[in-house]
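Here we start with a single chain on its own, the form predicted alone, put down as structure tokens.
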Amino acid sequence: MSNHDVAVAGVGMHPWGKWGRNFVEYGVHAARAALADSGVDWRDVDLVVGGETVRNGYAGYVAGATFAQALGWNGAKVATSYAACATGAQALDTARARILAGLSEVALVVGADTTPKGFLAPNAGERWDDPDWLRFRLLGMTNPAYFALYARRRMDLYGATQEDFARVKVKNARHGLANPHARYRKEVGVEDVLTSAVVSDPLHLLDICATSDGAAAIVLCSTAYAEKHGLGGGVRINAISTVTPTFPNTVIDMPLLSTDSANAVPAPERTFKESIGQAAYEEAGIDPADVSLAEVYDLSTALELDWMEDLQLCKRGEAEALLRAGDTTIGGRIPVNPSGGLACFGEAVPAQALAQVCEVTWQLRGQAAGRQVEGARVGITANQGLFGHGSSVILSR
């Protein structure tokens, strides 16, 4: 498809949950699983890219070297990436860029996290120049409050209902039942969602994803290396989008506190979230109609509906109709979050964009037992990081 293709040689994960262990343990588990899946010897890996975690001390800040040391120093080059929730995609892009430049043949990308109980809060201390700290301190704007604003916007603009949001959770919970890496593997009904505690109106507890411990890892290599050694089963990454917003940004995107004026400069053709997927489509040279499945960033049930439209899988205001018709479930026209999504996994920030790529890889190989999208040929991911980090990956077979 794209002249930017690299091969996915292997993928691996550590099950997600609340284990309370050192994040390095999770990362090493996922890395070894990815290496075993690829058949690549650790000594042949010439680049290690780690997804940074800000919650786990200095080892988390230098994650690339941390994982390289934990796996056993092999002389590989290292890099560490941070882009909030888009960290995994940025780390993946770092590895891909070095492979495409001919500076690396085989790269290991690892993201792992150990998270606190409750929603993700900024680091302690008074930091008046830190916008993440300011939104909590000045506005009391926790992440669930933003999720609720997005949900209320869908209700006002498109007639979405709380029952629609609940249906997203019901669908994803059913998808996650057969996923051995998922934290929550329990079927729920619409009434279960609607009778769970209200966190931030109109969203209930079961509408919002948890915070989790977990890890994911991917072995990438050049297409020539994959063909020579028979690696990866033909799965390739065709595009990685890490775009930033374009001024003026006239729509609030978490965690911005205001929007720009379009008086002097007209608003761009697409919103920031729309531009994330569009950049990936253009790089891969495909159309949204070519997509077999999507793994999207369902921090809340309502946000999944937004992402369907942002990725042009349907027109504005049509996501609820697709959901109600069963088009977004496995067996439907465009399955969304066949893994179970964050609804079943929760957030492990440096790992979640990588976990999406793992799922798409399994789907394209036909290895997603119990949740397989039949005939899957092209998959897209979407995952937005705070403060202007776009994240979308397109894979194909």
Partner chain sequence: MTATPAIEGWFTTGPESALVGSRCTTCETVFFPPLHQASGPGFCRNPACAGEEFAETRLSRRGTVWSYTDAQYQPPPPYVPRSDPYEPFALAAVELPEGLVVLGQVAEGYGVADLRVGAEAELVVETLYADESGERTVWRWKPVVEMGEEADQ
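Residue numbers count along the first chain shown, from 1. Bear in mind that the values here come from a model prediction, so they are computed numbers and not experimental data.
The form predicted together with the partner chain is left out here; the points below concern that form.
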Note: the partner chain not shown here; in the predicted complex, the stretch from 316 to 324, 121 to 129, 163 to 171, 233 to 241 having heavy atoms within 4.5 Å of it is 121 to 129
Heavy atom within 4.5 Å of the partner chain in the predicted complex, from candidates Val188, Leu134, Ala178, Leu194, belongs to Leu134
The one option of Leu157, Ala289, Ala101, Ala224 with any heavy atom within 4.5 Å of the partner chain in the predicted complex is Leu157
What I'd like checked is whether Leu138, Arg152 and Val199 together line the partner chain in the predicted complex, meaning each has a non-hydrogen atom within 4.5 Å of it. yes
Is there a non-hydrogen atom of Thr259 within 4.5 angstroms of a non-hydrogen atom of the partner chain in the predicted complex? yes
- Query: Quick one: does Ala148 come within 4.5 Å of the partner chain in the predicted complex, counting heavy atoms only?
  - Reply: yes
Under a 4.5 Å heavy atom criterion, is Thr115 part of the interface with the partner chain in the predicted complex?
no
Thr94 near the partner chain in the predicted complex, any heavy atom under 4.5 Å?
no
